[in-house]
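A single chain comes next, written as structure tokens; it is the form predicted on its own.
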Amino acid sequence: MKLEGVREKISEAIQKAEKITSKNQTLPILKCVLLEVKNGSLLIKATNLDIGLEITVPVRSEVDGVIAVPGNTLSSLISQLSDDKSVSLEVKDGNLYVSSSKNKAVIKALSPDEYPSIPKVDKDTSKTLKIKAQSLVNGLKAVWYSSATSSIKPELSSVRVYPLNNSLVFVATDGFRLAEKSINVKNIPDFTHILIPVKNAGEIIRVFDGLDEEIEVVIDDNQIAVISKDTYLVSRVIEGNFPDYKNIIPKEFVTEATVLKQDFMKSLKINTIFSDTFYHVKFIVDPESKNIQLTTKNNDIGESSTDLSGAIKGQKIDVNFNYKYINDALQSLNSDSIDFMFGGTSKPLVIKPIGDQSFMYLVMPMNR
């Protein structure tokens, strides 16, 4: 194998692939990326057996071939050659020689024969939809942080995606909060739903974020593939029953408050300085004075309260929430104003951006 290519393009692809590699100490081959040169293209592969990635980069090749090298080592090396526009890769004596105008290095390689194959989804027997890459990314970004981090209940450690009318709906919950985002998509195939493992949803976001092109999403019973012009990513899907979350969304609210997003973010940030180890923040919402007071108290540090004016109607309410859960939702609120809808002192709070019906966030209150 021998090639020369644009350093920046090769580095970007290898950095994406390296993040996919496994840290499994017992299977060293999974720490590697597989480099395959054929017909003027460099195919970079990575897998941890749960998710697989292939990226094609155009290069000037002299000799075709294949090699497996530790992804972290190769990624770190090429990213540091930032003064060079091009980089050369060559296999000699079973190892990979990396060179630029000022640098030369040798990376010890493993046998490519040991590298596991990356599954291919059969488009003929699967459901395929076409969607803007950024639309898929935006749907996942809006909700994935609400998934459970524990794998005790795999269905809660996932992002559920399902079709509804002319939209794809993305939902995630850990049992304490829930995020839902709808993205308009044309010609959605007929499928019930899929559950994407949350870690793999994060990789889809990372690999395709910023891509300005239409991509294919191919769905079958066991896996999902996301395919662009030069990238193929495949992930397993989770088998399980996602909670029937529609039943927990309050139908009626006792108090509703509308505030400016930036004012609320500033108030919340101040109060988090004094939050306790359980991240309590108290909302005291008073329709008569048109005021929301955020208060926090830490017995070791002190206490804080901030007043925030807004358009408020309904009953006066005093309720506690986990401020981290509230803060997480702010990234998905793409409007200048936020609507807080309180179901009651022991019922969920629903948060929505004003003027955007595509996103909803629900968070359960905390004990006093």
Partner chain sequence: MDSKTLWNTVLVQIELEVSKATFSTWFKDTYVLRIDSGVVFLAVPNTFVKDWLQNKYHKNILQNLRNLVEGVRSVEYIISQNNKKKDDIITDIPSQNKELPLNSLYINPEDNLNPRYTFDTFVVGPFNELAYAAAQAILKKPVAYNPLFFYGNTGLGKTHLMQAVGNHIKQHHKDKRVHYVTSERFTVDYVNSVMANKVNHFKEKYRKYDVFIMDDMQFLSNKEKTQEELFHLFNYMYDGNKQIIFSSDQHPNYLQNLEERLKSRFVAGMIVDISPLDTESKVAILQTKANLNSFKLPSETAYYLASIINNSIRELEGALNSVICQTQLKGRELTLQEVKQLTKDSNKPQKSISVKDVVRAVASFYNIEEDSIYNKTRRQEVVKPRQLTMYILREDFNISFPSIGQRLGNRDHTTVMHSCDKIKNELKSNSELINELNQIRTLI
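Numbering follows the first chain given and starts at 1. What you see is a predicted model, and the numbers here were worked out from it, not measured in a lab.
The same protein also exists as the form predicted together with the partner chain; that form is not shown, yet it is the one meant from here on.
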* Asked: Looking at the partner chain in the predicted complex, do all three of L3, S86 and E213 come within 4.5 Å of it through at least one heavy atom?
  -> no
* To do: Select, from the options 49-57, 326-334, 65-73, 307-315, the stretch whose residues sit within 4.5 angstroms of the partner chain in the predicted complex by heavy atom distance.
  => 49-57
* Look up in the predicted complex whether S150 has a non-hydrogen atom within 4.5 angstroms of the partner chain, and give yes or no. => no
* Spell out, yes or no, whether the shortest heavy atom distance between E239 and the partner chain in the predicted complex is within 4.5 Å. => yes
* Asked: How about G175: is it within 4.5 Å of the partner chain in the predicted complex, going by heavy atoms?
  -> yes
* Asked: So, in the predicted complex, is L27 in contact with the partner chain at a 4.5 angstroms heavy atom limit?
  -> yes
* Taking 4.5 Å between heavy atoms as the contact cutoff, choose which of D209, E114, D263, E90 touches the partner chain in the predicted complex. => E114
* Listed by sequence position, which residues of 288-304 have a non-hydrogen atom within 4.5 angstroms of the partner chain in the predicted complex? -> N299
